[in-house]
Ligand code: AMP
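Just the one chain here, laid out as structure tokens, in the form predicted on its own.
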Amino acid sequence: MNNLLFEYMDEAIDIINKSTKIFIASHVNPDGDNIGSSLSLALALKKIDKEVFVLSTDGIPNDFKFLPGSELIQDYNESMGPIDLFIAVDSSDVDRLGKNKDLIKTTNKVINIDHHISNTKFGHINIVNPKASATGELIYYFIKRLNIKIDKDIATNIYTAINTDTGKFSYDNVSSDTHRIAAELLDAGADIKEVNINIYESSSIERTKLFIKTLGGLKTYSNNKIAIAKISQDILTETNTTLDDTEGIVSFIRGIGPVEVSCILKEISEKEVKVSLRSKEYVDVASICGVFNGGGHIRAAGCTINSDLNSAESLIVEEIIKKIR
């Protein structure tokens, strides 16, 4: 953390102190980092008697419903009243806020807290640090700067944010600071047993069948350096699962020895495919997803391709091969 970011945090804190109704929103297709970051910040702000609303984009995946404060996540409605302050969490641009993006136009102040290198700095105050392993790291420092005690519930949420966005502290975005923060969160009572059981050890039979079915269709390219699996709506129906149940498959495929880039293609509709990419050592998958107006991190990124599954496969393979070469 550099001094400039702490200055931005102090400016943000001044605005928070002058605000009554604070709305927190994050990106579509929620994950552990954006949910854990949003909830930890909300719980912290409630400690200083702020009225806080955590806005839903696509609901909350079952894996994360155990998190303290998850009941706070709700759809926006006008009865909530005027927005004094809008805090965008873990969102690289306005469009990533999905159905909540237009709310930014209704508020005087927007605080943008994020760690994506592709962040467009759309806030009035931008607390953005691509070197942070997760947005949860920035939220940790921000809550400390607010001089709010990190209790067990807040610690559990921040730990979940960092744990999931670092692949259980295995990705190369992890720093010594990341481990020091994790240690402090454990000291504060973060319930790592609950985190591990709910996120990593609670797969349903249906989800397991989806996992097996998906891996059964695995295809490789470029001497097994690229591995791709497709998940159609038919497969979801056959296994009685949803897109939420695809979580973790792309990371598992990356773990195959010779694979440098793993890819999951998820059919949303006949002409819409969501793509998740992961890389192991040297391929910048964010730049690949950027070709399709997506983004993310160097080793983990996503995008949407408006075509059928087979065409999407051809398009993404073509771009990955350029990087592999």
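Residue numbers run from 1 along the displayed sequence. Quick caveat: nothing in here was measured; it's all calculated off a predicted structure.
Below, we turn to the form predicted together with adenosine monophosphate, even though it does not appear here.
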Candidate stretches 37 to 45, 61 to 69, 293 to 301, 255 to 263, one within 4.5 Å of adenosine monophosphate in the predicted bound form by heavy atom: 293 to 301
Adenosine monophosphate contact in the predicted bound form: residue 92, any heavy atom under 4.5 Å: yes
Any non-hydrogen atom of residue 207 within 4.5 angstroms of adenosine monophosphate in the predicted bound form: no
Contact of residue 57 with adenosine monophosphate in the predicted bound form (heavy atom, 4.5 Å): no
is_contact(residue 109, adenosine monophosphate) in the predicted bound form, heavy atom dist at most 4.5 Å: no
Residues of 19 to 35 having any heavy atom within 4.5 Å of adenosine monophosphate in the predicted bound form, listed in sequence order: 27
